[in-house]
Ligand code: NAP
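We begin with a single chain expressed as structure tokens, specifically the form predicted on its own.
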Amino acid sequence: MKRLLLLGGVTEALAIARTLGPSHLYSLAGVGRVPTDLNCQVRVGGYGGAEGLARFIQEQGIDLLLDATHPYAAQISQNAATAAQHSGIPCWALRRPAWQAQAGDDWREVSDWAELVKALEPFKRPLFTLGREPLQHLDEIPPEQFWTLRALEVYPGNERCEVIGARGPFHIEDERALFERRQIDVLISKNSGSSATEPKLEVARERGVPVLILKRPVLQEVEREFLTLNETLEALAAFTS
């Protein structure tokens, strides 16, 4: 039987993992909750770069590597492609499409943190949905700004930043209430393409709130790329049968 190593990071990865039997491996970086109700094996933690991952693939007799990490986890995707190539196995990737701006959207793409800070200067009440990265910059918040930061878990903020711990899927009514309660005047987001977190963009559109979008990284090419969960599952079923 062919053995799969699934690198998780997006919601669809867990759905794939739920279809896997005990001979397959589901790998997580360790951020967030670890599922305990799966039939497949679960591994938590890193590998030590591409070389370590290649060694693990060879030791475990892996036949296929499936990269279902976050679209912004560029280094992990690079390591996956390199490790698979060195191990002589195929690397596939589930890469859901990016969101596209619609009529009424005011999206402004930024490439890095320095660009983001510059673009934030006119605003007072930003909502960050970038994960934990802004936590490194709490001491840099200008006196005229108050940040609301949403992450998977609650972390300490300060007098000018409150951190909300919350997990999607998010509902549009709750997002509307959050924008109203915090008087959000700008949204900061990655372009993850996830339907679970898309309602914040709808609310920003409704309220005329600009959105600062962190530019997606260019990811390593792999043998096969899939845009949806269903086509990924169909390909896996054919490969492992």
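Quick note: we count residues from 1 along the sequence shown, nothing fancier. The model shown is predicted, which means the values in this text are computed figures rather than measured ones.
Just so you know, the form predicted together with the named molecule exists too; it's not on screen, but the next bit is about it.
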{"item": "Single option in 55, 182, 190, 205 placed near the named molecule in the predicted complex, where near means a heavy atom within 4.5 Å", "value": "190"}
{"item": "The named molecule: the contacting residue among 72, 123, 113, 99 in the predicted complex [heavy atom, 4.5 Å]", "value": "72"}
{"item": "Distance check, residue 4 to the named molecule in the predicted complex, heavy atom within 4.5 Å", "value": "no"}
{"item": "Close approach of residue 76 to the named molecule in the predicted complex, 4.5 Å, heavy atom", "value": "yes"}
{"item": "Contact test in the predicted complex: residue 35 vs the named molecule, heavy atoms, 4.5 Å", "value": "no"}
{"item": "4.5 Å heavy atom contact, residue 61 to the named molecule in the predicted complex", "value": "no"}
{"item": "Stretch in contact in the predicted complex with the named molecule, which is absent here, among 101 to 109, 167 to 175, 137 to 145, 76 to 84 (heavy atoms within 4.5 Å)", "value": "76 to 84"}
{"item": "Residues from 35 to 61 in contact with the named molecule (non-hydrogen atom within 4.5 Å) in the predicted complex", "value": "45, 46, 47, 48, 49"}
